[in-house]
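Only one chain is given next, in structure tokens, and it is the form predicted on its own.
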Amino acid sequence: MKKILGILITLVAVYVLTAMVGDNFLSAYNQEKLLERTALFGILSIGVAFVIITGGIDLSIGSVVCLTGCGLPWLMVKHEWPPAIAVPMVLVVAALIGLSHGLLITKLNLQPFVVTLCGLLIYRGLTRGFTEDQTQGFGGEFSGLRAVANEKISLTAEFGIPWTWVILVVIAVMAWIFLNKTIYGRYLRALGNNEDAARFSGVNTDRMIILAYVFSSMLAGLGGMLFVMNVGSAQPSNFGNFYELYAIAAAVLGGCSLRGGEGTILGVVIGAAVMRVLYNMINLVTWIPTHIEFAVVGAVILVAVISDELVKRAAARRRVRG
């Protein structure tokens, strides 16, 4: 709870500061876009949070976003697949990617960093191959499907809640229930805290690790489809680039320990909001160069990891004294 309060205070502080120094930050259009982008990146962040809680990492998220984001219009426009078939097929592919990651990690004892780093390279390369490195888009068609990622629930004449935010809330509630109200959520935390102890306690650790990676890839796949529905087109060479960094930063900033065993869904969503407000600040404030974006992301991750380490050391000292 203390971590959530801390990140919430950070969000409020960054939001107020940006409102003070950024032109048009409080405009209805900008606020809608801020909610929209927070929702899209929040979906990716919830997925990677499951992996981080197990003590793993998923570096392939951005490339899975690219694969699914380019793959959906490629199937629907070039191969004339109906949305009712194309969308489930893309989700199945994403699930199979997560399954393959989990099996390689659990059955061959490969390091998650290596497996997902290879995935990062493989999936983008495959996407550039089957699309012949050409931009994929909907060509003005499928407006009904694209409305899922572009329509809003109007609250006033100028402002509305994007439907992507509704999707995020639904996913966040389901993830919270899974993590906090089911035995499998307790298994995930136990696995992250001590895998050997969890295994000796009867937890099928391999199954839980595989499940975490399937969740991560499926949400990355869903996010990739929503991203391309939102913008209308995707370029295989750069679509989804570094999205894994934003997702991991949001998760860590929101309280997920890279050592595993800790993490809250609400904290992750707030962490995603902090990252998007920071990004918005960089783009709106004229005296901050826009090309330092990745430096800010790197600094945020570093600060979050240092804070996590200091908190753990302080807790360890208190246990020793006690």
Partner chain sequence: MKIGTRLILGLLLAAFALSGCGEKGPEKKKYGVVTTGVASFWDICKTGAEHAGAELDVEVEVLFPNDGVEQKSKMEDMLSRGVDGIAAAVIDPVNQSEFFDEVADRVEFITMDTDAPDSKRKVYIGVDNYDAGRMCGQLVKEALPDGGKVVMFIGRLEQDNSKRRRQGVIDELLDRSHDSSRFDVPGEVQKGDKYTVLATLTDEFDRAKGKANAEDMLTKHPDVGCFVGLFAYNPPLILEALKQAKKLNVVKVVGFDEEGPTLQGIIDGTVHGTVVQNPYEYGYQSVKVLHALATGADAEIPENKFINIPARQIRKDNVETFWADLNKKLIGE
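None of the values given here were measured: they were computed from a predicted structure. Numbering follows the first chain given and starts at 1.
One more form of this protein exists, namely the form predicted in complex with its partner chain; it is left out here, but the text below deals with it.
Proximity of residue 134 to its partner chain in the predicted complex: non-hydrogen atoms within 4.5 Å are present. Of the heavy atoms in residue 82, none are within 4.5 Å of its partner chain in the predicted complex. Proximity of residue 266 to its partner chain in the predicted complex: non-hydrogen atoms within 4.5 Å are absent; the residue sits far from the partner.
A residue is said to contact a partner when one of its heavy atoms sits within 4.5 Å of a partner heavy atom; residue 23 meets this definition for its partner chain in the predicted complex.
Only one of 266-274, 34-42, 52-60, 250-258 lies within 4.5 Å of its partner chain in the predicted complex by heavy atoms, and it is 34-42. Interface residue among 215, 243, 123, 74 relative to its partner chain in the predicted complex, by the heavy atom within 4.5 Å criterion: 243. Interface residues of 147-180, taken as those with a heavy atom within 4.5 Å of its partner chain in the predicted complex (partner not displayed), are limited to 150.
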